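In the block that follows, a single chain appears as structure tokens, in the form predicted alone.
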Amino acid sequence: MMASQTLKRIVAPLVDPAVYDFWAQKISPTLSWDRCLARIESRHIEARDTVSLILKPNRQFQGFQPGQHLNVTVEVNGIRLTRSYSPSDTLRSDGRIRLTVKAIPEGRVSRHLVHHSKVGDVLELGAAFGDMTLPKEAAAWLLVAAGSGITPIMSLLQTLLQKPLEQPVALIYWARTRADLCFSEDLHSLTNRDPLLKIHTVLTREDHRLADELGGRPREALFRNLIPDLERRRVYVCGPDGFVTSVRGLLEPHAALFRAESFSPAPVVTRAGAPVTVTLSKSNVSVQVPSGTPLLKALEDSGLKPAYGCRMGICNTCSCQKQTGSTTDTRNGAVQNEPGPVRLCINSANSDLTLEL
């Protein structure tokens, strides 16, 4: 491996990656000089409008830590689009990974992957990112998931159970109905693997719940009833922003450690002010946009199509260099007047800007 990497560095100045990929992919569709390409090897329906894709990446894949996300690029109707998804399992010994995707009504990528992707299709994967990963030492855990938030939580849970638990672990999993529950077979199998694992299912829109199913929204009484030793638990939470905010208020003051990620952006309240001019230096394009509006949305409303992924400031797909001007972080009001990287989805313009796009 070291010899092949050394040879690649030597010949790199002589190689056009696009030309290499064009000819290499006539031999194998996932061969690439420098891109991580992955072939869909199988599909499995997990729940309503939700599928798991088993992917076989090429040698460019650098792996991931359980709980992290990957940017996935796919071509939809001739347009390359990128979104972020979480592996829902550990990295398998054969190098394959499992991505679980739920189709959302306006999600062009998610709907394509769920309803139209097929075995043999090739996707492009970015480097793994995200900080909600496991420490090395054993601990008592409470994992809380809602909706698609179960995907990174499932990867964490599978990892914890690779060896016998030393301390208790609990998962509380919210879904709308039984038809929306993912990984039902996997979760049932895991509950039989270790007596220190407890899994609780909460359904919010199921008319007739089974004996072991709970109902209702997050509330202190439910957590206290299920997790009497809450103060010793490390808590990881993933779900929609409103759900995460609610659980944070209930648990963060009491838990030994609290971390959370939301897979939907928080509502952004902005006041559109006077128009400012945004100049894209690489494209030689200038547009007027309202100050106070997230730059990604403002540029899209002007007919431009910047690259983006998560739309909530996590994946950095929309990040670019700000060369001049002042911006405000729409999440916390922090003002940045100096040149530097700016994430278009969570920053608005305070003045005329020059962006390296």
Partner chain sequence: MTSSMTNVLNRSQKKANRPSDEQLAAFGAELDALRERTLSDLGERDARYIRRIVAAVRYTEVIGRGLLFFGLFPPAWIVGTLLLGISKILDNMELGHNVMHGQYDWMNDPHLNGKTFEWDLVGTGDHWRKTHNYSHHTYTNIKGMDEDIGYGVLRLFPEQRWRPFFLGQPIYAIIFALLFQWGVAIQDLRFGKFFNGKKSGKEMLEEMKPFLKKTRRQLVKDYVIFPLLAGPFFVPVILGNLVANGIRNLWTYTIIFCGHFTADVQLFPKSVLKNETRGHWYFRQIRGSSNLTGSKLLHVMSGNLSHQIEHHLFPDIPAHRYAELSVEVRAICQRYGVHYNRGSLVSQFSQVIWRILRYSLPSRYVPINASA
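Positions refer to the first chain, counted from 1. Quick caveat: nothing in here was measured; it's all calculated off a predicted structure. Between two forms, the rigid core is the largest collection of C-alphas that superpose within 1.5 Å.
There is another form of the same protein, the form predicted together with the partner chain; it is not shown, and what comes next is about it.
Looking at 299, 315, 38, 51 here, can you tell me which has any non-hydrogen atom within 4.5 angstroms of the partner chain in the model of the complex?
The option sitting close enough to the partner is 315.
Which pick from 210, 138, 119, 79 sits with a heavy atom within 4.5 Å of the partner chain in the model of the complex?
In short, 79.
Just one of 38-46, 286-294, 324-332, 53-61 has residues with a heavy atom within 4.5 Å of the partner chain in the model of the complex, so point it out.
Selected range: 324-332.
Give a yes/no on whether residue 309 approaches the partner chain to within 4.5 Å in the model of the complex, heavy atoms considered.
So residue 309 counts as contacting the partner chain.
Might residue 75 be said to contact the partner chain in the model of the complex, defining contact as any heavy atom within 4.5 Å?
The answer is yes: residue 75 has a heavy atom within 4.5 Å of the partner chain.
Partner proximity in the model of the complex: residue 305 to the partner chain, non-hydrogen atom cutoff 4.5 Å:
No.
With the cut-off set at 4.5 Å between non-hydrogen atoms, does residue 68 touch the partner chain in the model of the complex?
Residue-level check for residue 68: no, no contact with the partner chain.
Going by the partner chain in the model of the complex, which residues of 18-41 come within 4.5 Å of it through any heavy atom?
Sequence-ordered list: 18, 19, 21, 22, 23, 26, 35.
Once everything's superposed on the core, is residue 69 shifted 2 Å or more at the Cα between the shown form and the other one?
Residue 69: C-alpha displaced by less than 2 Å between the shown form and the other one.
Core-superposed C-alpha of residue 205 shifting 2 Å or more between the shown form and the other one
No; that C-alpha moves by less than 2 Å between the shown form and the other one.
Comparing between the shown form and the other one on the rigid core, is the C-alpha shift at residue 232 2 Å or larger?
False for residue 232: its C-alpha shift is below 2 Å.
What happens to the Cα distance from residue 329 to residue 80 in the model of the complex: does it get closer or farther than here, with a change of 3 angstroms or more?
They are closer; the C-alpha distance drops by 3 Å or more in the model of the complex.
Explain in one word, closer or farther, how the Cα atoms of residue 309 and residue 32 are placed in the model of the complex relative to this form, where the distance changes by 3 Å or more.
Those two alpha carbons end up farther apart in the model of the complex.
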